[in-house]
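Single chain ahead, written as C-alpha cells, the form predicted on its own.
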C-alpha cells in the first residue's frame, strides 16, 4: 500500500501523462488550421485543437499543484525535452492527409470517451472534475470523426483507399493505449486512475461497427509499437516540440 506522499507523487506523474497526451495531440490538430480542405473544417479543427490545449492546461495546472515546487503549466509544456514527455505515440504521429488525421482521430476519440467515462468515477475530485468537462468535448469530437471516416470510407475509390492506408499505418500504435504499467495499476487499484486494459473490448466493438459502415477492413494485430509512457518516442516528437517551444526557449520568462 502506498503512503500518502507516494500516492501524491504517483498522481502527479499520472496527471502529467494525461497533460502530455492532450498537448501533443492538440498541437498536431492545430496544424490543420489554414490547411483544411474548406473553411468550415479550418474552423472545426481549430476548435478541436483548442479543446485539447484547454484540457492540457487543466491537467498541467493540477500537476503543478501536486508538485508544489514552483513549476507551472508552462514549465511542463515548454521546458522539457522529448525524453521527458510521456504521451502516447499515436498522438505525435504526423498529421498526414485529411483521411489520415480523421482515422487517427476516430481511434483516439473512441478511446477518450471510454477513458473519460471511467475517470469520472475517480476518487480524486480534481481528476473527476476535469473528466466531467472534457467528456462533453470528446462526445462532439467522436461524432465528427465518426461521420468523416464513414463519409470518406464509403465515398470514392480514392478516399476509401486513403482511409484504409491510414488505418493500416496507424493500427499498430493503437495497442499502446490499453497497456498498463505499475504506476497505472497502482492508481487503478486505489480508485484514482483508469484500468485502460479493460477498455479495449468496448473500443473494438465500436471500431468494428464504424468500419463496417465505412466499408473499411479491420487491420491484423501483427505489429505494435509502444514506449511513449517511458519517454521513448518517434523522431516526430522532437520536431513538434522544437516548433512548439521555440518562443519560450528563445525568450525564457518573457510575459506579454
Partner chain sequence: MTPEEQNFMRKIETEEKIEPKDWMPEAYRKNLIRQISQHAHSEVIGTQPEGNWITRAPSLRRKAVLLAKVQDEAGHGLYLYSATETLGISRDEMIAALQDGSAKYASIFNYPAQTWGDVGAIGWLVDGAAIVNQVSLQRTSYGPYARAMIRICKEESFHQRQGYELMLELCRGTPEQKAMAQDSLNRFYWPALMMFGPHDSESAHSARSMQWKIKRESNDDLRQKFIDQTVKQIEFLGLEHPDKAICWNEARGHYDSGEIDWDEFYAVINGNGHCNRQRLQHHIKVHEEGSWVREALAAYNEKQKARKQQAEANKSNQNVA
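Numbering follows the first chain given and starts at 1. The structure displayed is predicted, hence computed values, not measured ones.
Form predicted together with the partner chain: not shown, discussed below.
- At the 4.5 Å threshold, heavy atoms of residue 219 stay clear of the partner chain in the predicted complex, well away from it.
- For the chain shown alone, residue 210 is not a contact residue for the partner chain in the predicted complex, no non-hydrogen atom being within 4.5 angstroms.
- For residue 65, no non-hydrogen atom is located within 4.5 Å of the partner chain in the predicted complex, even though that partner is not displayed.
- With a 4.5 Å cutoff on heavy atoms, residue 172 does not count as touching the partner chain in the predicted complex; it lies far away.
- 97 is the sole member of 97, 181, 168, 84 with a non-hydrogen atom lying within 4.5 angstroms of the partner chain in the predicted complex.
- With the partner left out here, the partner chain still marks one of 182 to 190, 151 to 159, 106 to 114, 130 to 138 in the predicted complex; by a 4.5 Å heavy atom cut-off that stretch is 151 to 159.
- Residues 43, 57 and 74 are all found to lie within 4.5 Å of the partner chain in the predicted complex, as judged by heavy atom distances.
- Within 4.5 angstroms of the partner chain in the predicted complex, the stretch 39 to 55 places a non-hydrogen atom from each of 39, 40, 43, 46, 47, 49, 50, 53, taken in sequence order.
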